[in-house]
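Quick heads-up: it's one chain on its own, the form predicted alone, in structure tokens.
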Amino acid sequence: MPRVEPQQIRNEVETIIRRIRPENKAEIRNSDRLREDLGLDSLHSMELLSAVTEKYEVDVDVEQLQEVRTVGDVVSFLSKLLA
């Protein structure tokens, strides 16, 4: 897979979050916490994980995601994984 730029990943993550939580009309920032700020519960988080792993054709171990708490964390994690 060709290198994917962080901004492209960021845009895709935001698109997925808006699809999962369409009622969230506010701007989504890198510092937004997935659970506390964006209201993603465990089911939403699994939907996000499923969507990004399908989009970028990667396998992710759930344990690797324990430190992923914000939108920026998701982008950083995927950027490293896809590098």
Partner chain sequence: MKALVLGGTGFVGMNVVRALVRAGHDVHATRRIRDNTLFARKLGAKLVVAELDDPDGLVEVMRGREVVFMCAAHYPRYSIDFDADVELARTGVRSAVDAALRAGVQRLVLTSSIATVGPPRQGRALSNETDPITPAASRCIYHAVKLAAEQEVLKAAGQGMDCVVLCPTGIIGELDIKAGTGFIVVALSHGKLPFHIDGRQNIIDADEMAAAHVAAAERGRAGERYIAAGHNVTIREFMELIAEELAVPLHSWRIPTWLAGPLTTLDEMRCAVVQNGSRPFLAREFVDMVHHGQWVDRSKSVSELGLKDPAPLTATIRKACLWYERHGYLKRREPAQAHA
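Positions refer to the first chain, counted from 1. Fair warning: this is a prediction, and the values are worked out from it, not measured in the lab.
The same protein also has a form predicted together with its partner chain, omitted here; what follows describes it.
In the model of the complex, its partner chain lies farther than 4.5 Å from every heavy atom of Asp37. Contact check for Ala26: every heavy atom lies farther than 4.5 Å from its partner chain in the model of the complex.
In the model of the complex, at least one heavy atom of Val60 sits within 4.5 Å of its partner chain.
Using a 4.5 angstroms limit between non-hydrogen atoms, Asp32 is distant from its partner chain in the model of the complex. Along 42 to 63, residues Leu43, Met46, Glu47, Leu49, Ser50, Thr53, Glu54, Val58, Asp59, Val60, Asp61, Val62, Glu63 each place a heavy atom within 4.5 Å of its partner chain in the model of the complex.
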